[in-house]
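Shown here is one chain on its own, the form predicted on its own, set out as structure tokens.
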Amino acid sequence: MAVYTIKEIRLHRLMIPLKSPFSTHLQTVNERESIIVEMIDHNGHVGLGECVAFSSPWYTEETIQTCWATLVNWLIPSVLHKKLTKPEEVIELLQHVKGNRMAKAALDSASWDLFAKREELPLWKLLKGVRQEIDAGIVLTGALDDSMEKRLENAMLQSYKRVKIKIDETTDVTALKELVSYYSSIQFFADANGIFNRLGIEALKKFDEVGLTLIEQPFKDDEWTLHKEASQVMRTPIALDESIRSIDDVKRMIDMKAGQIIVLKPGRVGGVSESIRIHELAAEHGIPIWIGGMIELGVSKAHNLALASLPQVKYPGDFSASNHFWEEDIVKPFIEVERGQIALTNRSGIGYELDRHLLEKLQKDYAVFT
């Protein structure tokens, strides 16, 4: 196997406004901060990665600021000029740094894109994906009012396969049931983001009559016993999201029977390498997966789309068109939804390039390491 060396890494710290606010009971996001990684080998191949931490620690303990510092001071020096033969060796070089999975994911994902380009293969083919069209799904937030119905009608027009509704203490269960019944051709997920820690399991049971495909993360991250109880009493499958931070969390979910479905967020678990390990374990135990999103830009979404081609991914993930969240995305071409699906590229790597003009326009900070 050919040996290659990482000769340069570039970091771009960006701030991009959302088209409209993204609100849950946890936080409202108006602007998305991100770090884009360019990893360059000695032959000039460029791998792209994205750090999907947020600006403040409302969702995970990592933030863009902590990830930037971790990348600059510890992670990048650990991989620069190292001899490699395969992409997963990058994450192995980072094991001396505890935690910091989101920062590590940015480098790990870039290494997979780089390797796929060296092999002149689309990333999804390198990963041994089994489908080239990925079902698209959107996330909608806000009250179940006329505005929500208009957005659902628009989702129908674009043939989205799935709609995920954020629920909280104000959600009208009867109104949600009517929506699910009326738009019966779309799968409906409900994302609780841990709200039932406050509302209780009896409130959760009311959603069992709605007709949802699944309920995502009813309780907080480490509430394994409550999730086990919910999985026993609910007919609607329980999908664990924030609880899944590593393969060890998946093992715990399996051992405790604390959920039926895995929500895999590659940018949170440590990148593509850890996602592959989780996929293998899920396949061994017959547990379905879907790929979750974190209001990503196109680089991270492209990696997620490649992972969504794997056989154990059974449900539509958080895959919307570039123009769902953004007036402008940083990748060329735009990610587009046609007939409810996103076609995977036959170009090498993730199949997308950076829009350099937009990158400079959105850039807050920039660093080069050689």
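In this text, all values refer to a predicted model and were calculated from it rather than measured experimentally. Residue positions are given as counts along the sequence shown, with the first one as 1.
There is another form of this protein, the form predicted in complex with ligand OSB, and it is not shown here; the text below is about that form.
Novice: Which residue, L212, L127, L94, V139, is the contact with ligand OSB in the model of the complex, using a 4.5 Å heavy atom cutoff?
Specialist: Selected option: V139.
Novice: Note which of K265, R101, K161, K117 lies within 4.5 Å of ligand OSB in the model of the complex, where distance is taken over heavy atoms; exactly one does.
Specialist: Contact residue from the list: K265.
Novice: With heavy atoms only and a cut-off of 4.5 Å, decide whether N193 touches ligand OSB in the model of the complex.
Specialist: Flag for N193 set to yes.
Novice: Quick check on K166: any heavy atom within 4.5 Å of ligand OSB in the model of the complex?
Specialist: Yes, K166 is a contact residue.
Novice: When the contact criterion is heavy atoms within 4.5 Å, does G293 count as touching ligand OSB in the model of the complex?
Specialist: Contact with ligand OSB, yes.
Novice: Does any part of E216 reach within 4.5 Å of ligand OSB in the model of the complex? Heavy atoms only, please.
Specialist: Within the cut-off, so yes.
Novice: Tell me which of 58-66, 39-47, 305-313, 341-349 has residues with heavy atoms within 4.5 angstroms of ligand OSB in the model of the complex?
Specialist: Every other range fails; the passing one is 58-66.
Novice: Counting only heavy atoms and a 4.5 Å cut-off, does ligand OSB in the model of the complex sit next to every one of W74, E89 and F369?
Specialist: No, the candidate spot makes no contact with ligand OSB.
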